[in-house]
Ligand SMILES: Nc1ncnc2c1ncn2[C@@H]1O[C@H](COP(=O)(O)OP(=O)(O)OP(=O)(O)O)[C@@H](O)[C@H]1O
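Next comes just one chain, in structure tokens: the form predicted alone.
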Amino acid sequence: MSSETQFDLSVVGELNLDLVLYGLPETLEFDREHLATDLRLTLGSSSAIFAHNFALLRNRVGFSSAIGSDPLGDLCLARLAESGADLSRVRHFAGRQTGLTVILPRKKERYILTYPGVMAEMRFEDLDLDYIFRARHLHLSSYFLQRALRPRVPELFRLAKQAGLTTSLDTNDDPDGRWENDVFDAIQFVDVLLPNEQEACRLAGCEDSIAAAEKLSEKVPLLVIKRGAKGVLARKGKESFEAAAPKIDAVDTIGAGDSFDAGFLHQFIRGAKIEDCLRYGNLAGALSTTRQGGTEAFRDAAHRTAFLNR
């Protein structure tokens, strides 16, 4: 890259808080008041969790997003700023509301309820491309939540590639369940695709992750499928790679996939071998599960350093 490179990585995506209610009854009944035993209001959204944790791995991060003119937006900025990420290109939409996600964890699953707010309103025209392209790499999360930006995401990735950046995409879930093929217009300009197992199957229209990997690896140079406790599966052309997940007692899996992305890309942009990228991604993902919320484990510097050096 040229001497004008300012960031290791630019993130384009959403910014909101997570309100997590712990200890609810396993069965929720209509018109009943249910009591939680604990709650946490923490930094949420795939893009912000990723940017926060990637920055705390001692990377320079430029963050492009939008918030409303409300206290939730101010809290988002304050928490993300503590990571050291540059927030000078976070747009403030006057008179609009910042999004919020409410998460209800269960023993083996969780309910996720999201009010999108301005995350669905940020447009291509709201982005400062010169700022975004002052990086070595561009990462975008939550493709299907970027309603206003989505039609021009392929153009964003194409221009990033022309500017000499490498690129990555974590589509996350499609709330509408449609998984429309326009996502492949963007994927053609993506170097690393980072879905979880369910997302990979939905993208590929396959029943299992092995078949999905076979199909998706034909469309992207490097495919990485996150499979939770089963570890991670990667494909580069005809080459396959697997890495086992560290064995730990997880406290909370919120943000584990985004944290994996942070660890993986931390190594990837430095030219590490795929095996080393997978190992570090698994460590970062496992680290995030040792505290409640998607960022709390990374915020504990001593704990973070000791865990990642194990």
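None of these values were measured; they are calculated from a predicted model. When you see a residue number, it is the position in the sequence shown, counting from 1.
Although not depicted, the form predicted in complex with this ligand is the subject of the following passage.
- Contact check for residue 66: every heavy atom lies farther than 4.5 Å from this ligand in the predicted bound form.
- Although the partner is absent here, residue 106 lies well away from this ligand in the predicted bound form, with no heavy atom inside 4.5 Å.
- Proximity of residue 57 to this ligand in the predicted bound form: non-hydrogen atoms within 4.5 Å are absent; the residue sits far from the partner.
- Contact annotation: residue 94 falls outside 4.5 Å of this ligand in the predicted bound form, judged by heavy atom distances.
- Shown here without its partner, the chain carries 246, 250 and 289, all of which come within 4.5 Å of this ligand in the predicted bound form through at least one heavy atom.
- Look at 262-270, 23-31, 36-44, 277-285: in the predicted bound form, residues with non-hydrogen atoms within 4.5 angstroms of this ligand sit in 277-285.
- Think of it this way: in the predicted bound form, this ligand has a heavy atom of just one of 231, 175, 164, 221 within 4.5 Å, and the residue is 231.
- Scanning 196, 101, 217, 209 against this ligand in the predicted bound form with a 4.5 Å heavy atom cut-off leaves one residue, 196.
- If you take 97-134 and check each residue for a heavy atom within 4.5 Å of this ligand in the predicted bound form, you get just 110.
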